[in-house]
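Next up: just one chain, as structure tokens, the form predicted alone.
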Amino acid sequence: MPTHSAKRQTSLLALGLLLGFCACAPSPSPTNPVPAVTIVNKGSDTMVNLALAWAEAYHAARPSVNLSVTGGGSGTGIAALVNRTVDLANASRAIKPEERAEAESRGVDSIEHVVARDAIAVIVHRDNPVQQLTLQQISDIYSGKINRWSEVGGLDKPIVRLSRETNSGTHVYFLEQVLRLGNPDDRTLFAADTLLLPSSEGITTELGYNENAIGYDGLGYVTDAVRVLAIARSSQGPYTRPSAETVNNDTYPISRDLYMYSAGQAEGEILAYLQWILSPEGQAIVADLGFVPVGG
């Protein structure tokens, strides 16, 4: 199972600060000319390390193109696109109809680009004896119908539910496709005692020491400190774990596309950047960080 290290994340976050600073306050000099172009990129926290890695590699190859990359959540990125304060919005879910309508009311044609794929891993403490769950069992756990691990083959202990915050695209995807099992008419909500955490790293950290907790994270954020459950669409199975192979052959049931949105058809340097992201070089970075290359 692909993982990436905290050291790598720290390095990329530092780069993000550097790139963001360069975008706001370039320091021209004979050896460090002002970048000719700045691309502002904001949104999904699930994608922020991937976006930073792309920015690092692209900036190294084309120093005349500066990139400012920040997170904040998919909804935040799309709102920034609607307000015309970014060139590209990152989103770990598709744009909502109301967001697209808001964009159109402001004269923004939000164009969707699928740039990678991801699996959402359902994770528990390493000592939890539960090995697998069905989608219905996960839905019942997060809606509050199942409250003790003994009800799904584990110890007689209470289940502590962990989730991302509501501005997270991962939260929205999990609500619609797992908690509500993809039924658009279902209005089931997370149980009131679900703990909302601000980051993927926060869920992984909590699961590292809370033996009763269950959480979910994008596959690129899963570390060896937690255990990944096998998931099945029904009790008849098959139960599968997330990987590039099981995402692309559609046997892992909780997978999704990752997006960038541009305001109108991408042109010039923005188009060149998107084309590079979809190139073998850009998609190799996708795989390196534990996500799934498009078509790979």
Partner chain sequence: MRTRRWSRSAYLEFAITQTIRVAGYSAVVFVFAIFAFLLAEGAPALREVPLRDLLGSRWYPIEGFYGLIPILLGTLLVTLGAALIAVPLGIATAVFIAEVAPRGLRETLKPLVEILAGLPSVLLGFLGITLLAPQLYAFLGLSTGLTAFTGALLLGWIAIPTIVSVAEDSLDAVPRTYREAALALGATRWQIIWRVTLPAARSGVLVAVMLGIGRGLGETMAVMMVTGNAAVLPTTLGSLFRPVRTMTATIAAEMGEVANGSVHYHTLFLIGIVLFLISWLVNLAAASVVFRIRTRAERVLS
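Quick caveat, the model's predicted, so the values are computed rather than measured. Positions refer to the first chain, counted from 1.
Same protein, other form: the form predicted together with its partner chain, not shown, and the subject of what follows.
Participant: Quick one: does R117 come within 4.5 Å of its partner chain in the model of the complex, counting heavy atoms only?
Facilitator: Output for R117 is no: heavy atoms all beyond 4.5 Å of its partner chain.
Participant: Quick one: does G72 come within 4.5 Å of its partner chain in the model of the complex, counting heavy atoms only?
Facilitator: Flag for G72 set to yes.
Participant: Does any part of R100 reach within 4.5 Å of its partner chain in the model of the complex? Heavy atoms only, please.
Facilitator: Flag for R100 set to no.
Participant: Considering only heavy atoms, tell me if H113 and its partner chain come within 4.5 Å of each other in the model of the complex.
Facilitator: Looking in the model of the complex, residue contacts with its partner chain do not include H113, since no heavy atom lies within 4.5 Å.
Participant: To verify the annotation, which of these, L135, I146, A94, L175, has a non-hydrogen atom within 4.5 Å of its partner chain in the model of the complex?
Facilitator: That would be L175.
Participant: Work out which of N128, S139, T223, T194 lies within 4.5 Å of its partner chain in the model of the complex, going by heavy atoms.
Facilitator: Contact with its partner chain in the model of the complex is made by T194 alone.
Participant: Of 207-233, which residues get within 4.5 Å of its partner chain in the model of the complex if you count heavy atoms?
Facilitator: Heavy-atom contacts to its partner chain in the model of the complex: Y209, N210, E211, N212.
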